[in-house]
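One chain comes next, on its own, written out as structure tokens in the form predicted alone.
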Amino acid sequence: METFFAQLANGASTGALYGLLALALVFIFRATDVVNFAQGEMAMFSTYLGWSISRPLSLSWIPFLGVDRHLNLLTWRPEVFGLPLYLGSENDGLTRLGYLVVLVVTVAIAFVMGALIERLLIRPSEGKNLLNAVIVTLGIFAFLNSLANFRYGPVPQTYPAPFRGDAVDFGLFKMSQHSLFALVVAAVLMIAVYVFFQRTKLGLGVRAAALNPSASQLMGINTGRMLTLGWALAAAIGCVAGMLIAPALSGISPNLMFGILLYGFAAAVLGGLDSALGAVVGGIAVGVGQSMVVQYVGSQWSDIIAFGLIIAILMVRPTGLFGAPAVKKV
């Protein structure tokens, strides 16, 4: 029984990461009605940017900071009125605070990157055949992967984990601090996306711009701005997914998100491409199913059984577990 709950916890934590990437896919689909095949590579490249930012930076060129001063954001300890500021223990807290600083900075960069991709690459194909936009996302996929290989090389780079303490004991099972952090982040983002689309004027504007651009313009909605916002926010969510996945792996590489993107797509389709709740629930379902199959059947059967069950569910409910059927008036 202890093994069962341990695998359940591991599967849920892994599935939360799948759910975050699925959440980004759902965000773009609801905002632009386009499936973004480049979502994984955008997350991978953003993660590399975060890794680059976290490296020691020479600040000797800035006046009054000295000649040999260096700043490593992962071990940076700011001071407030002369008192050191850190989260947790002094050793782990420094890295943890630095990780959060890097996370915020990188997410902001990813937000801008997503907006630029929509404005410069996606917008020329908007309003035409949807296949054009899909092909553009495949081109972005190939470009970012090639750029990462050229800039960073194929050798995996170690990405430090912000939570390195003992696992949290829940009685029936234990879960690592980083896995628990990923679960919490996934839940918070799911709620935030739901509230954004269902309860805010801006979110309703994004949905309206995707569903009926002409009518939205007549209502005074700037459809171009809404679509740009949708891509920017999806890029930011994907960046969070990449930076949470990287510490859980042996290292980041240009192929970091390729396999995870497949599971993210599976989670988004299983939960429903128009449901933020479905994306996270679908991700956790895929992660738990994969973990259980590996434990009780064999690792060689994990993908076959997991994707087979997804296909079976979609045959019964094509819109996914939480997806709403599309109704079109003729």
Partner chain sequence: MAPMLEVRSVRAAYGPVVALREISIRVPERSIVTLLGANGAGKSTTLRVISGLMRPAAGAVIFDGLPIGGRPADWVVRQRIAHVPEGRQIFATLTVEENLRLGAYTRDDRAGIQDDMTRVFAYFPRLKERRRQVAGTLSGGEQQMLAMGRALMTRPRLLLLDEPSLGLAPLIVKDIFRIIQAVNEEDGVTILLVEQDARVALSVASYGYVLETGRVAVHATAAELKANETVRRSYLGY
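Residue numbers count along the first chain shown, from 1. Just so we're clear, the structure is a prediction, and the values are computed from it rather than from any experiment.
Unshown form predicted together with the partner chain; subsequent notes refer to it.
The chain is drawn here without the partner chain; in the model of the complex, the stretch among 180-188, 101-109, 232-240, 218-226 whose residues come within 4.5 Å of it by any heavy atom is 218-226. Although the partner is absent here, M113 lies well away from the partner chain in the model of the complex, with no heavy atom inside 4.5 Å. The partner chain is not drawn, but in the model of the complex it has a heavy atom within 4.5 Å of A208. The shortest heavy atom separation between L172 and the partner chain in the model of the complex exceeds 4.5 Å. Proximity of A192 to the partner chain in the model of the complex: non-hydrogen atoms within 4.5 Å are absent; the residue sits far from the partner.
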